[in-house]
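Below sits a lone chain in C-alpha cells, taken as the form predicted alone.
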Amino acid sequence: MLLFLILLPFSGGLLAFVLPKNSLRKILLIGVASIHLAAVLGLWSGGMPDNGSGPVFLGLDVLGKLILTVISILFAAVSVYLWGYLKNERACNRIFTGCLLLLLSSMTLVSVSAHMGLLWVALEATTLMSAPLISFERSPQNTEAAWKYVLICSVGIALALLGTIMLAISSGNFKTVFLNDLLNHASVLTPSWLKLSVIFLLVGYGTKMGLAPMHTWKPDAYAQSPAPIGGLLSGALTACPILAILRVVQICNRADLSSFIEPILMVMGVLSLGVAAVFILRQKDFSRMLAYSSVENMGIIALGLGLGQAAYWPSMFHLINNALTKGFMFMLAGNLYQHYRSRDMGQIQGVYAQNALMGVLLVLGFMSLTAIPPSGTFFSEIMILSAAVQSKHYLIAAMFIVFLSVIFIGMAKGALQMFHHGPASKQESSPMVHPVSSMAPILVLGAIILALGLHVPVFLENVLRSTQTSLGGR
C-alpha cells in the first residue's frame, strides 16, 4: 500500500507529461488526488502497521500517517480548485500538472520514509518539483521568486545533509540511519556528534519549514505563485520538514537530550514570532501577509515542540488547523484576485457587500488565522501558552502574548479593510461570481475548520495522544 501511494502520483505525473490535452490532464489530476485520498483514509481503518524493529526504508507510524492525511486532504482540495483556475489559463499545463503530481509523490515519500537519508532525498525532491509551480505564470517576478526559493532551500537541504552524515557518525557501532535502529539504540549514540547533527538538521530543515531567520524565500514564493499553489506550499509542503524535525525530536528524547534540543526550538520559535509580528504590521499584499502568518505558525509549532511533552498535543493540533486554514485562505485569496485583479488589500474592499458568502468565509479565515474563539487555533495556542507558564518559562509566555497581539492588530487592519464597503470602483459594479469548483473545496475546508474549533472528535484526540506518546520526552 505504501508503494502504491508513492507510485500512483508518480506514474500519474509521468503520464501528464505525454497527454495531449489540458482537459485530460485536469481529469487525471483530480482522479489521482481522489484515489490517493481514499487510500490514505483507508489506512486509518486498518490499524497501525507494525514496522518491526529492523531496518526498513518505508514505514508508517502515527506521525507519518497524520502528516500524510493532511497532505492528501489539501492536495485533493487544491486539485478540485484548479479545475476552474486552469480553465482561465490558455497556456499548456503539461509541466504544471506533471510537477504537481510528482510533488504529491515526493511528499508521500517523506511521510513514509523510515530512513533519515531517504527522508532527506524525498525533501530535496519536493523542492525540485515545487519550483516550476511557483514560476507557472512565467513572469520575471515569478521566475525570481522560484530561483530564490530553490537557492535558499537548497542551502538548507545541504546543511541537513551534513546533519544526516553527522547523525550516521554518531551511530557508532551499528552505523546506520534507519529510524528504527536510531530510536532503539539512541542511548549509545555519541552525544557530541548527535548534538552537532541536531544543530545542522534543525537549521537545514528549519530553512525548508520557513523559520526565521531562514524564512526569506517564503514571502516572495507565496506571493508570486498561483494562489492554490501558495495554499499547498503553506499547508502541505511545510508539513514535510516539520515531520523531519519531529524525527529529530524523537531521537533526542530517546537519547535523553531533551534539554539540549528544547531551548534551540524555543529560540527559533520565538524569533519567528517576532519577525512575523514586525513584518505583518506593514503588509499591504494579501498573499505576503499570509506568508508571514505561515512564518508565525511555524514558530508556534517550533515553540510548542521546544516546551516539551506537555505541549506536543497542542503543537500537532495547531499543525492540522494551520494547514487547513492556509489552504482555505489561499484559495479564498485566489477567488478575490480573480475578481479584483489585485492582491493589494487597499484595492480589495467591500467583499461582504458584493458577495455575502465570501465575506463570511473571509471572517472565518481571519478568526482561524488570529486564533479568535471558537477556532481550533485558539485552543492550541492557549494550551501552548499554558505549557509555557506551567514549565515556568514566564519570559517566553510574555513574548508569546505580545507578539501574537501585534500580529492580531496587523491582520485585523487588513481584514476589516477588505470586509467593509470601500470607495466605489468599477469592480463593485460587477457581481462576484465563482464557479462551483472554486467554491466547493473552500466550503469543505471551512466546515472542517469550524468543526474542529467547536469540538475535537474522540478519534482525532486519540490520534494526537498517540503522537504525544510517539514523540516521548520528559
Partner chain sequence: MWLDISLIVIILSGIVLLGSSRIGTIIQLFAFQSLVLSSIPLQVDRAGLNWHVLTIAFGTLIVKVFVMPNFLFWAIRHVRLRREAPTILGYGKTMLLGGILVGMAFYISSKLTLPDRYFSRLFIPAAFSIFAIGLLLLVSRVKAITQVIGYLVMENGIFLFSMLLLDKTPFLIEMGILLDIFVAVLVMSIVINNITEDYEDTNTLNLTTLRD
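Residue numbers count along the first chain shown, from 1. Treat the numbers as computed from the prediction; the structure is a model and nothing was measured.
Below: the form predicted in complex with its partner chain, not depicted.
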{"query": "Candidate from V112, L361, V150, I396 lying within 4.5 Å of its partner chain in the model of the complex - any heavy atom", "finding": "V150"}
{"query": "Selected contact from L243, V270, I348, L161, since only one has a non-hydrogen atom within 4.5 angstroms of its partner chain in the model of the complex", "finding": "L161"}
{"query": "Candidate stretches 334-342, 172-180, 246-254, 68-76, one within 4.5 Å of its partner chain in the model of the complex by heavy atom", "finding": "172-180"}
{"query": "In the model of the complex, N184 touching its partner chain (heavy atom, 4.5 Å)", "finding": "no"}
{"query": "Its partner chain contact in the model of the complex: Q283, any heavy atom under 4.5 Å", "finding": "yes"}
{"query": "is_contact(S154, its partner chain) in the model of the complex, heavy atom dist at most 4.5 Å", "finding": "yes"}
{"query": "Interface membership of L86, its partner chain in the model of the complex, 4.5 Å heavy atom rule", "finding": "no"}
{"query": "All of L24, A38 and D61 within 4.5 Å of its partner chain in the model of the complex, heavy atom check", "finding": "no"}
{"query": "Residues of stretch 272-307 in contact with its partner chain in the model of the complex (4.5 Å, non-hydrogen atom)", "finding": "F279, Q283, R288, Y292"}
